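Before any questions on binding or motion, here is one chain by itself as structure tokens, the form predicted on its own.
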Amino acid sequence: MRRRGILFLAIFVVLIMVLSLNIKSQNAVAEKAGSDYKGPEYCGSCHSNEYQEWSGTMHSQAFSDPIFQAVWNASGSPPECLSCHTTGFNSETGEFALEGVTCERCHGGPGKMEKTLSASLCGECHIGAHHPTFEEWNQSKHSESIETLIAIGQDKNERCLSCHSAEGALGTMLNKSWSIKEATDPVTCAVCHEPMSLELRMESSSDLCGQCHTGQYSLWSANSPHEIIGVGCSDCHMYTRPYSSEDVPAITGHTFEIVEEGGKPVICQNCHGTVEGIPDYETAVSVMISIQTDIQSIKEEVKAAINSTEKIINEVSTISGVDTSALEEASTLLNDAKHTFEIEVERAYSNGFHNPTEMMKLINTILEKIGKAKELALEAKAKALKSQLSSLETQLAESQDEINNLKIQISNLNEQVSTLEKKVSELQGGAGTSQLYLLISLFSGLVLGALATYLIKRKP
């Protein structure tokens, strides 16, 4: 009897399980009843790789996730949560078509297959105190990347758009063709995240950031203290905090700014003061501020050196007979130094903190180029002026010869005048007045002729 009772109980449990599964299946069908949604399995029949990637993501488990279910039930199962945790949610009836965030939720609706790189799509759900990713992205420079190019008139520059647009960045990163006409979206979610798996497009977040932030990446990766111990871009630039309340919302790190409290970076506390062998938090912050202050001062000196050298080159270019090839070389060196300074120093916004040692090497290289450009310009100036001086000395020598010749002529004229004076004196003793006037006229003509000769031969 006991065995028979156990058998009946087992059969009863199995029947209950089968019945519950059947009811659940009927409910699922009922949820889809009257709906045009096909479901992820339908899409997966062709897009098998994409389906497999999606199946392991939080999107696929957005409704079934135990944590969501626990929080949702504890909150009284508010229906508004289902607009993001299900597909095909009807706010009027509170019903939905499919559990989780499925293919059709992101691709435009039932049976559609729309594609977009816009962050607004992700922003439909990743928003608010629990997931303020979209709001944070809107505050970041990533969201303004196209506007930045428009402001400086470079929105048609393919080189700039390769990082400042979603299409260009993805095309460059994935080695796919793209056109300037297509580059209309700023740096959006899909640039960094695989849409299906939701994973980063590169295993290392620092390598991913370095695709565009080349200056900062090259400094960090050149044996910087942080790189050596494995602290990368996201460790400092993506400070996160879980949701506590509407007054203390979550932080997802998508502004990419260093979060500060009281003028000091909060993120440094994660290591400094807790990890053995690393200076305490206060010491680390003090050293950081000191380094940044010193390098900022040096940057101002570099700017002054660039401006003064540019002024010298412009002034020298106006000198007659200057060596233009030397000036072209000086200009090339200066422009190269200026470009490196603007791209790799000015835009390394940490003021060298990514790698102070490497930053100073870079600045010294820039100063060497500026110094060489200045030296070439001044040498060209000296040669041009020396050439002009030599020409003046030649002119002076020629003028001196003319002066000597004129002195001889004047000496001869003086002798002639002396002779004439004697004759005049003799004539005054008994000659007629007409002869006196004739001699005076002759004398005046000789003097005027000499002066005319001098003026004609005299060079300006």
Ligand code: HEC
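Being a predicted model, the structure only gives us computed values, none of them experimental. In this text, residue numbers run from 1 along the sequence as written. Whichever C-alpha set is largest while still superposing within 1.5 Å between the two forms counts as the rigid core.
In what follows, reference is made to the form predicted in complex with this ligand, a form of this protein that is not presented.
Peer 1: Would you classify P78 as touching this ligand in the predicted bound form, given a 4.5 Å non-hydrogen atom cut-off?
Peer 2: It does: once this ligand is placed as it appears in the predicted bound form, P78 has a heavy atom within 4.5 Å of it.
Peer 1: Just to confirm, P225 within 4.5 Å of this ligand in the predicted bound form by heavy atoms?
Peer 2: P225: yes, in contact with this ligand in the predicted bound form.
Peer 1: Is it the case that K115, even though its partner is missing from this view, gets within 4.5 Å of this ligand in the predicted bound form, heavy atoms only?
Peer 2: Although this ligand is absent here, K115 would touch it in the predicted bound form, with heavy atoms inside 4.5 Å.
Peer 1: Check whether T102 has any heavy atom within 4.5 Å of a heavy atom of this ligand in the predicted bound form, and answer yes or no.
Peer 2: Yes - in the predicted bound form, heavy atoms of T102 and this ligand come within 4.5 Å of each other.
Peer 1: Among 298-306, 320-328, 361-369, 188-196, which stretch has residues with heavy atoms no more than 4.5 Å from this ligand in the predicted bound form?
Peer 2: That would be stretch 188-196.
Peer 1: Go through Q388, T332, N90, Q292 and name the one with a heavy atom inside 4.5 Å of this ligand in the predicted bound form.
Peer 2: When this ligand is considered in the predicted bound form, the option within 4.5 Å is Q292.
Peer 1: Could you tell me which one of A284, I313, A380, A97 places a heavy atom within 4.5 Å of this ligand in the predicted bound form?
Peer 2: None of the other options qualify; the answer is A284.
Peer 1: Out of 49-68, which residues reach within 4.5 Å of this ligand in the predicted bound form, heavy atoms considered?
Peer 2: Sequence-ordered list: E50, Y51, W54, M58, H59, A62, D65, I67, F68.
Peer 1: Under a superposition restricted to the rigid core, does E95 display a Cα displacement of 2 angstroms or more between this form and the one not shown?
Peer 2: No; that C-alpha moves by less than 2 Å between this form and the one not shown.
Peer 1: Classify E182 as shifted (yes) or not shifted (no) between this form and the one not shown, where shifted means its C-alpha moves by 2 Å or more with the rigid core superposed.
Peer 2: It does, since the E182 C-alpha is displaced 2 Å or more between this form and the one not shown after the core fit.
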